[in-house]
Structures are given as structure tokens and as C-alpha cells.
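Only one chain is included here, represented as C-alpha cells and corresponding to the form predicted on its own.
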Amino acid sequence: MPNLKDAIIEVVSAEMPVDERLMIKKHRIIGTDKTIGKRICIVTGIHGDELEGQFVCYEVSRRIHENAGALKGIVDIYPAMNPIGIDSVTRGIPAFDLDMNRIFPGNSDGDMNEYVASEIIKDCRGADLCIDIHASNIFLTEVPQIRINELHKESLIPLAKQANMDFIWIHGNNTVLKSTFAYSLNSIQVPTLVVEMGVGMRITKEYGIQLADGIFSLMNYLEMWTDSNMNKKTPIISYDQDGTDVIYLNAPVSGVYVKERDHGSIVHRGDKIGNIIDPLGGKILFEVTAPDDGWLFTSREYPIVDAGSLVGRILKKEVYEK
């Protein structure tokens, strides 16, 4: 069997208080064909409470080592961009109360967090593709999807179609933050796909396998992987620049939300999505129903809601049936 070259590499480290050190590492796997120099970066763990990508990193590495001769490029796997957040199951960077995905591209002369962000961008620079894997938060569950800024849609949609996801959601530019990891990389011509799937603080194994299949499909598309037996779904695509394709379901009252329909369900106008109940009084405070026909691609997972809390998103029927 051909031999791969692989190594655990330190991307960046920085001193912390009390004799501690922040260290971010990657697993680099180099294929056997030196004539093809394409490189893909698989990134996850920017938010410490989003763990779906951990299984994906494992699964991609496992499959490459089982079929070493098929890899013709370089795969860089970054499982923990926010290692302290992952260790403490905290969304942001602990002690700093900071969302890591709001400080890119960073600053090499800035504080510790800005310096770390700048070194991560530097390390990913020049890659042919980056997959930025996120889960939803602890409140919501999402179908496997890719979200794209309309500014980069021409270069990213052909790639996203290869990724075996259920849904591609193209956002208007006014909804995209320029301080995110993906925006920063796309701005320096590193095509970066943002994956959202599953739920916070959990691993949904079937979604991890689905995305791993998609990553190998992408590698095959980039001529980095020679196994042609690829599983690939045809995704639903929403060009939602004006924000009219998606119906947002928000709780009008506070209470305990009990869902009746799972994410991924096809719903019709008037179908019950869930109930907001009052456990003390034994009453239904509000019945959440579908205002139109569509596809429930986001559903509430965490049961406690306040007035205004998001309990679901529905993609309109005329979009998913195109």
C-alpha cells in the first residue's frame, strides 16, 4: 500500500496567564503523487459548543488512511480552532467573552486573539478550498446546508453542488459579517464553504457521514481523490438575496416549546409545528402552525422560549420545488 506522509503541526501558539499556553494544531496528510499540489483545509471548532465537525475530521482522516493511494494532494485538518472553548463547552473564547468568528482576519500586531486569528488566516492562505464546519447552537437543529454570501456565489455555487448537502442558502450581502473566517478567506481568493448542520453540543453521526461523503466528492472534483464512487445529493438552492424565500417562525409568548414536526419535514399551510405550553397552568399558550406550504429546514431543539425566540424556518414551496 502506498505510504502517506502525515504529521501533527503547530499552527500558532501564544502565552496565557498562569503558565498556560494556547496552541492550535492541524493534521497534515500528503498524498503520494507529487505532481498535484492542490490543498484542501477542513476547519471546525471556531465555536466551542459546535461539535458536529469533530466526527467529520475523524472520518475524513480515517478514510484517507484506509485508501492511501487515492489521495493526490494535501489535506489539512484543523479540528479545534478554539481549543479552550471546546474544552469548556463555551461558544466563544472563555475569559475574553469573545466570539472568535468576529475577529478575522485578525492582526499580527494586535492582542493575543487577533494575533492567533491572523496566523490562522496566514496558514490557510493559498489553499484551493476550505470547508468551514459549524453546527447550529444549542437552541436549534439544522438540516445539512451550505450558506453563501452573494458576493462570492459565482465561484462557490459550483463547489457547493458537489458537497452532498441538502440545501444551499445564498444570503444577501447585508446579512454577512466581514469579520468572519469565511469572508476573510474568500476575500483573499481562498474559496470557503460554510457548512451548518445538526445541533450544538452534540454529534449527529449521519450528518457527519453525509458531509464526509461530500468532502470526498469535492476532492474528486478537484482531482485530489481518485475514487470515483461518490455519493452526491442534488441540493435545494435558495437565491434569497431579498429575504423572501424563508418564513421565520417566532414565539409570540414565553413558555415551554414542544415540537410536533422535526426539521426536514414537508409542511402545509395550517399544519401544527409545535405548541408553547404553560406547565403550571396546564394550558396551551400558543399553537405554532405553518403559515404556508414549505420545507421545515430549521426546528427548535431547546424547549424554553421567550417572546420572539426563533422556533423554526420554512423554505417556501415554490423555492424547494424548482
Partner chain sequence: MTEEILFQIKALYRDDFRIRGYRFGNGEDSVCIMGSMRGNEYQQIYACALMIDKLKRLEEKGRISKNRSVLVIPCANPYSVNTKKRFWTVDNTDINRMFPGYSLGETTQRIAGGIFDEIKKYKYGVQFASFYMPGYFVPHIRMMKTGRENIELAKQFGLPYVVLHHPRPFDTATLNYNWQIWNTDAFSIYTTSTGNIDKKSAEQACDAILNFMSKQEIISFRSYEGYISRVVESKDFITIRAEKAGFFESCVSAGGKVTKDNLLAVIKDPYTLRVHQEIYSPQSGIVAFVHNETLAYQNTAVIKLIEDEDML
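Everything numeric here is computed off the predicted structure, so don't read it as measured data. Residue numbers count along the first chain shown, from 1.
As for the form predicted together with its partner chain, it is not shown, yet the points below apply to it.
Undergrad: Of these, 88, 173, 231, 179, which has a heavy atom no more than 4.5 Å from its partner chain in the predicted bound form?
TA: Of the candidates 88, 173, 231, 179, 179 is the one lying within 4.5 Å of its partner chain in the predicted bound form.
Undergrad: Let me know the one among 223, 111, 206, 227 whose heavy atoms come within 4.5 Å of its partner chain in the predicted bound form, would you?
TA: The residue in contact is 111.
Undergrad: Is residue 102 close enough to touch its partner chain in the predicted bound form, meaning at least one heavy atom pair within 4.5 Å?
TA: Yes - in the predicted bound form, heavy atoms of residue 102 and its partner chain come within 4.5 Å of each other.
Undergrad: Using the partner position in the predicted bound form, report whether residue 256 sits within 4.5 Å of its partner chain, counting heavy atoms only.
TA: Output for residue 256 is yes: heavy atoms within 4.5 Å of its partner chain.
Undergrad: Please determine whether residue 239 contacts its partner chain in the predicted bound form, using a 4.5 Å cut-off between heavy atoms.
TA: Taking the distances in the predicted bound form, the answer for residue 239 is no, it never comes within 4.5 Å of its partner chain.
Undergrad: Is residue 278 a contact residue for its partner chain in the predicted bound form, using a 4.5 Å heavy atom cut-off?
TA: Close contact exists here: in the predicted bound form, residue 278 approaches its partner chain to within 4.5 Å, heavy atoms only.
Undergrad: Pick the stretch from 196 to 204, 72 to 80, 141 to 149, 247 to 255 whose residues have a heavy atom within 4.5 Å of its partner chain in the predicted bound form.
TA: The contacting stretch is 247 to 255.
Undergrad: Within 4.5 Å of its partner chain in the predicted bound form, do 162, 262 and 286 each have at least one heavy atom?
TA: The answer is no; none of 162, 262 and 286 reaches its partner chain.
Undergrad: What are the residues of 303 to 322, in order along the chain, with a heavy atom within 4.5 Å of its partner chain in the predicted bound form?
TA: Those in contact are 306, 307, 308, 309, 310.
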